[in-house]
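Given next, in structure tokens, is a single chain: the form predicted on its own.
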């Protein structure tokens, strides 16, 4: 117990060590979080009427971001699987940081779900033994369980490993490796359950596709490694942490293949919708070409697809993908293209037109954008803290005093 106290105390103390750029970064994130908190206060005070959502489009920017960041969290398995299961030494230095990305992304997901609920104080109704979780018949209950379970796994595994390194002892494989195997399957589960949550809504034919789950996974394994690559390159340059080039190259290859698969599945969906269109194709018609003069998302989706094709094409060229000056730019563009396609391009069109044929378009309000920025800043702040402590322990800057 005493060692545990000093572990947290030394880690917390290490967070205050840094140069002017580090403090400026932390202060910036805190300012954005405070702005988001104030916007959320306005939303709670005045209700969801301050957002761009309505009775017709009841899931908007919040749930779009939730869907996307679930994929970012699931992508940590691309580091966990080769490092722990396949014993690939190229991933050993980066795996704990990848799990930190997963933890931060899951906190972002939970934050977006929390603000999307008009009355978050009523969430106690879903707490087991106090309220009614409606498990197993409710897909929302499944989603709640897999998200919190994956958060626990990706928090406890690196905590145990770092705590052992802090004490100068070797981690006992029997105590954490079984949970590593469980987290690999759980990573796939969190995204498949999220896809089933949408695909199971029969009144929304745009989501009634057997490819929705695999598409979610393909896009996750493209955007997620892209985020991890950018994070690892920043940490390597700023904190001088030894991330090997071969680790970045392998992650870039994973992102490239997943991006290709994602484009193939997207093309299959487009063919299905437009080769022989029916009344159920109207949501896709609205998204890609507009419907009865309404085309708010048409420019966004075409920009996303064209950008995705161009970036994937560049990443397929080995000399370009292995150029570490160009790679972070390609990863950022891939991240943006999938964020648009998987977020606004999947969630919002599912509500347009309504089951009664009404067309009500959606544009996020400034309140939604401010709240969203605050939630994302919270996730980045948490990752900054986790990664700084993890790097400190790995480099021997934080260790138990003898």
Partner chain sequence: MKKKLNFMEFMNRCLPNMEDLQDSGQTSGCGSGGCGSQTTANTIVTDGGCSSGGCSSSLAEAFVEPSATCELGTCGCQPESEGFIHKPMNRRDAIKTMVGGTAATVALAQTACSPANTPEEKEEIRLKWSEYFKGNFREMTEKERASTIQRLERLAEMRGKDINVSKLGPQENVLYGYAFNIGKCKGYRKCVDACVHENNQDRDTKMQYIRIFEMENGKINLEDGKADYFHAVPREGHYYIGTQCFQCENPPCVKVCPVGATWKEKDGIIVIDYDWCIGCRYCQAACPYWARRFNWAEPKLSNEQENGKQHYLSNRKRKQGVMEKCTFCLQRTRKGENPACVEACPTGARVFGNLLDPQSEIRKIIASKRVFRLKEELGTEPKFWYYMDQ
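Residue numbers count along the first chain shown, from 1. Predicted model only: the values in this text are computed from it and were never measured.
FYI, the form predicted in complex with the partner chain isn't displayed, but the following is about it.
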Have a look at 43-51, 371-379, 65-73, 24-32 and name the one stretch with heavy atoms inside 4.5 Å of the partner chain in the predicted complex.
-> 43-51
268, 172, 132, 237 - the one with a heavy atom within 4.5 Å of the partner chain in the predicted complex = 132
Position in contact with the partner chain when the complex is considered in the predicted complex, options 182, 317, 253, 201, heavy atoms within 4.5 Å = 201
May I ask whether 4, 11 and 152 each come within 4.5 Å of the partner chain in the predicted complex, counting any non-hydrogen atom?
-> no
Is residue 339 a contact residue for the partner chain in the predicted complex, using a 4.5 Å heavy atom cut-off?
-> no
Would residue 124 show up as a contact with the partner chain in the predicted complex if we use heavy atoms at 4.5 Å?
-> yes
Find out whether any non-hydrogen atom of residue 119 is located within 4.5 angstroms of the partner chain in the predicted complex, and reply yes or no.
-> yes
Is there a non-hydrogen atom of residue 363 within 4.5 angstroms of a non-hydrogen atom of the partner chain in the predicted complex?
-> no
Residues in 251-281 with any heavy atom within 4.5 Å of the partner chain in the predicted complex = 279
